[in-house]
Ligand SMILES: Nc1nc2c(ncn2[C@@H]2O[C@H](COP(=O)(O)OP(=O)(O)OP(=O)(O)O)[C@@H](O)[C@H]2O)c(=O)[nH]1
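Below you will find one chain, with nothing else, as structure tokens; this is the form predicted on its own, and questions on how it binds or moves follow later.
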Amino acid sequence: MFNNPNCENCNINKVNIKKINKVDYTIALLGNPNVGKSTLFNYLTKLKVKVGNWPGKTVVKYEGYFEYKNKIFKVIDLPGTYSLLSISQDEEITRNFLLFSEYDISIIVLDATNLERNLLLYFQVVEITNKVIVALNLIDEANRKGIYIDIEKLYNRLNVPIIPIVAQTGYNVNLLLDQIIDIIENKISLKPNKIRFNESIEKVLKEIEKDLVNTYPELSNFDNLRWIAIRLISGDNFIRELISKKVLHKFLINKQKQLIKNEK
């Protein structure tokens, strides 16, 4: 049931890295350790990868490429992590990539056999970016264990596309890629549901967001200012430093200039 006997690798083609002169779409791949994230990465890229280190870090960086429906995809395998609180190098790298790097969409790989634990990272990610799609991996293993996941009900709770896959065999990977193309081409709009706190906390978060924009107008261009407010109320010194040194402001200004330049 969960194999793709007629898929022919889902028309996912190898590409010669040395001959790539233009990338159409960039995908960030993230998830908890041992959810099959790297298995999906290997399936997509057929091990046609570039290996290096993240800037200033000893953690290995994997970048792969593949072709699908005449589009060249670049996929970046972010370190497996349980959260984005920047306690470890892996968490710091993943969080900073989502904050400051250019990408079209992030695939959050969830383990269908251990969904509850995986959702912690998911809800932290959607506070930073709306550009997400869920790959619900190991759906075959969940089936063997008698675990039933109501995909429609989960979609209603999360409000993002959820594609059950088996990364090992490529089951539904073509459907995942089709959804990604539709999202990037604005055929599907994304507005993930986020955790709502009690009324008093939500009121404080709104006040912090308002104060940030009044003090630093550049931050009005940040897609998820709410995440900044949450981190500030949590006493996140990294975010305080980003604000005080105007690192985030400079990034947003440069990003706006690049968008204007691209439009011309």
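Keep in mind it's a predicted model, so treat the numbers as computed, not measured. Residue indices: 1-based, along the sequence shown.
Separately, the form predicted together with this ligand exists; it is not shown, and the next lines address it.
- Contact with this ligand in the predicted bound form holds for none of Thr26, Leu44 and Asn174, as no heavy atom of theirs lies within 4.5 Å.
- Only one of the listed residues (Lys191, Lys187, Arg117, Arg144) places a non-hydrogen atom within 4.5 angstroms of this ligand in the predicted bound form, and that residue is Arg144.
- Note on contacts: among Ile107, Val166, Leu98, Ala112, the single residue with a heavy atom within 4.5 Å of this ligand in the predicted bound form is Val166.
- Stretch 131 to 139 is the answer when you ask which of 131 to 139, 174 to 182, 99 to 107, 117 to 125 has residues with heavy atoms within 4.5 Å of this ligand in the predicted bound form.
- With a 4.5 Å cutoff on heavy atoms, Val35 counts as touching this ligand in the predicted bound form.
- Proximity of Asn224 to this ligand in the predicted bound form falls outside the 4.5 Å heavy atom cutoff.
- Shown alone here, Gly80 lies within 4.5 Å of this ligand in the predicted bound form, counting heavy atoms only.
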